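Shown here is one chain on its own, the form predicted alone, set out as structure tokens.
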């Protein structure tokens, strides 16, 4: 879709401001009631989904053009999807997240690209990764010494962050070796593995994402695997939703789903006690954006020329089918671990601040967002903040203020 295609949607927004808050029946305190980091940090309506609809409408109709400040605000969207979920509590005919992405795409097409985005794009072109400074030749070093299955049925896809971040590589190794020891016929693409490009899509680089996705799909199909398992939430969303829309037909699982399955089947048992009180952070692209893709073809129409609808009925991604119970099942199964929940959880979780490349393009905003979540985590009395995403873990650790643990590492302590 082009920005002009969103005009009916832009005009339909009723300015209810649901996009700025978690659903009111979920509010437990004023302090942790908001849901959109951009509008809370920016303090102006244009940062919210409603304001983006207004700005997009004026641009689509030729009444405004991007200024540097408007372009900056356009790109200061974490792609967290909190506005999208909140909107769909009371509306069914708006897609704020899709519009936010298209607004970024439109800005990029008109030459409004941030300097830090240029560096990321150059890295992607030269080294096939958005991790600036990383080298393609180093991508497989994390896996040295691992004996992969000769005829794999499951493909392990660590993603760029686990592959290149030396602080996180051990977690990727642990996850892979845990599955191999459990008898999983696990394989790895090795030198053929490239960035999933999900973050390119989040930033609005649709054309670059399409090319990379198509190449990756061919590599996955050539491998002959039946299942992809990844420890990265961004990769999970890319494969589960974005690649599926392009025809990828293999099963896609996050490591937490695989571990939960093994616990239920009895092939994994936690025997060691880990005395720790923890709280769990739901990553945006594993949680509310972790819902499976549903194919749809149809058109908009109006009933009695007034009530808008789609024919046939369109899938409604409201975050309720994301990956929530699996990580919590793992934590509850570890002897000694006590789980205490934050106020904003599951589809109403507050973002870590790393999404859509903002941890690179706007470090101050990204760190502020992480600190807001850490304050919420500390309010529970937890000793550690557990998550299932390398981008979340890295951003929280940079912000400081609480111990941050990858759920994979915590699970290994209990084996």
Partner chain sequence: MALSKEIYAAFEAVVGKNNISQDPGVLQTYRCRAPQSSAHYGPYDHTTPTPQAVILPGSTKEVQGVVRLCNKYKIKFKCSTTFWSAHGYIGSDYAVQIDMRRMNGVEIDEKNMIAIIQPYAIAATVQAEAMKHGLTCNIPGVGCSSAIIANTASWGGPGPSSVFTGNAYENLMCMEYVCSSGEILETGSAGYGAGWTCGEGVGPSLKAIIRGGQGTRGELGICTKMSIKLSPWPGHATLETVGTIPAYRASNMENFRAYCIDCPSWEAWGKAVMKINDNNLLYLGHRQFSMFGNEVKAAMLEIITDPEKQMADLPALMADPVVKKNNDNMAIEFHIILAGFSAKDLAWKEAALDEILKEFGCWKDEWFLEPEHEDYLKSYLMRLGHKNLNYVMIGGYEGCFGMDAANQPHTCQLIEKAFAIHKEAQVTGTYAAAVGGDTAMGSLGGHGGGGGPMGWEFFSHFDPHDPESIKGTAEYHDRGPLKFMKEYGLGVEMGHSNANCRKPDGYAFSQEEHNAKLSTLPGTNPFIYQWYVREYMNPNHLGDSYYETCDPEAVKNAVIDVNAETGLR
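Only a predicted model underlies this, so the values are computations on that prediction, with no experimental measurement involved. Residue numbers count along the first chain shown, from 1. Here the rigid core means the biggest group of C-alpha atoms that line up within 1.5 Å when the two forms are laid on top of each other.
A second form of this protein, the form predicted together with its partner chain, is not displayed here; the remarks below concern that form.
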Counting heavy atoms only and using a 4.5 Å cut-off, do 10, 88 and 318 all touch its partner chain in the model of the complex?
yes
Residue 295 versus its partner chain, in the model of the complex: is there a non-hydrogen atom within 4.5 Å?
no
Taking 4.5 angstroms as the cut-off for heavy atoms, does residue 363 touch its partner chain in the model of the complex?
no
Residue 305, heavy atom within 4.5 angstroms of its partner chain in the model of the complex:
yes
How about residue 93: is it within 4.5 Å of its partner chain in the model of the complex, going by heavy atoms?
yes
Heavy atoms, 4.5 Å, its partner chain in the model of the complex: which of 370-378, 352-360, 60-68, 386-394 makes the cut? Say which one.
60-68
Superposing on the rigid core, is the Cα displacement of residue 271 between the shown form and the other one 2 Å or more?
no
2 Å or more on the CA of residue 137 between the shown form and the other one, with the rigid core superposed, yes or no?
no
If you line up the core, does residue 304 shift 2 angstroms or more at its C-alpha between the shown form and the other one?
yes
